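Quick setup: one chain, the form predicted alone, written in structure tokens, and binding and motion questions come after.
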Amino acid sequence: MVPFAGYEMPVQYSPGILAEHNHTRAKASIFDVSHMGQVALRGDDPAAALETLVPGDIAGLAGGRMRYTMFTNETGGILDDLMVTNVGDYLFLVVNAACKDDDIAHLRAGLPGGTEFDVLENRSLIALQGPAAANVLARHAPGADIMPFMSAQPFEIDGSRLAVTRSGYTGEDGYEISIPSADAVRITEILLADDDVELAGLGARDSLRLEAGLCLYGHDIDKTTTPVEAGLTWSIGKRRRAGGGFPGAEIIQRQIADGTTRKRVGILPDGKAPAREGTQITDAHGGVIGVVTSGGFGPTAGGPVAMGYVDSDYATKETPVNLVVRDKPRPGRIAAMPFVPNRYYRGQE
């Protein structure tokens, strides 16, 4: 157990990070992510209101669907990334734990009149992730297995009303399940009773998301990085790219049109030595061209993997680079992400 964003969080359980990582890839794991912030946004037009703070197309979000977006500042930097779900009569937001208080203050200060939000302090959140997740959940919540990726639906298990999204942070198929806190342990134990399900902690969560090429706020994205630099332009809908109307829009629009001087890239170090966060990236002559923002051993990838930012001239796949590990330059190359293919469920073909 370690302190994390004001909570005590499990880095690993008794099997260890490697076993938890591999179990998630093979079957299914439950991650306690109750430290995340859950917010309900209501009012006259909550989608239009939220669009004044984020570059995502929220107005175009159909009922029962969810979207990834971010709060931006006036320089186009990312204040936090978040998930937004159109529940029908309100928007459901999930924000990062470390940014939760700042995000709530940002909403309070920035939302136009006629918009209300409730911080759902009485709800917990677990993530059920892995290829067996759909069958496990469907045994208790029939129909959960046919939900498409990035969709939402209410279910009831053992008398508890749950808000379920088919989403997650591992690159695997799976769900995030919002539960009344009074029922959270009981519902988790019901799912854990399945032979295919084990608990997993922050360590496996980090190695899984790194292999999936997913950003971690405060490491791979922050107030100094824009969505375009971070390779997240895909999250900005066509209408929002053209119309703007969100903080930092002019800078982000210009970067979409003209490019950026640096880009987030995947990196594969040669050999077995991982390149950790903060590792300098240099060219063949020793000139610093970037920095690693996340790195470690990828159990499924079978070796060290990393991501970081490099000067745009060096961002092409297979470009050779050096990684300064323990003051010694070690060879590596720019690589495509994800390092392990994502297995999100897109629905019946």
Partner chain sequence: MSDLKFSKEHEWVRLEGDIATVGISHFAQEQLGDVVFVELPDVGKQVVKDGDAAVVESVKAASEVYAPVSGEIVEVNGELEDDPELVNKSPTGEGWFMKIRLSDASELDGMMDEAAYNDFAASPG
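The structure presented is a predicted model; accordingly, all values stated were derived computationally and were not measured. Numbering follows the first chain given and starts at 1.
Just so it is clear, the following notes concern the form predicted in complex with the partner chain, a form of the same protein that is not shown.
- You can rule out all but one of 95 to 103, 180 to 188, 268 to 276, 81 to 89: in the predicted complex, only 268 to 276 has residues with a heavy atom within 4.5 Å of the partner chain.
- With a 4.5 Å cutoff on heavy atoms, R333 does not count as touching the partner chain in the predicted complex; it lies far away.
- Contact annotation: V340 falls outside 4.5 Å of the partner chain in the predicted complex, judged by heavy atom distances.
- At least one heavy atom of F297 is located within 4.5 Å of the partner chain in the predicted complex.
- At a distance threshold of 4.5 angstroms between non-hydrogen atoms, G16 is in contact with the partner chain in the predicted complex.
- Of all the residues from 300 to 331, those having a non-hydrogen atom no more than 4.5 Å from the partner chain in the predicted complex are R326, K328, R330.
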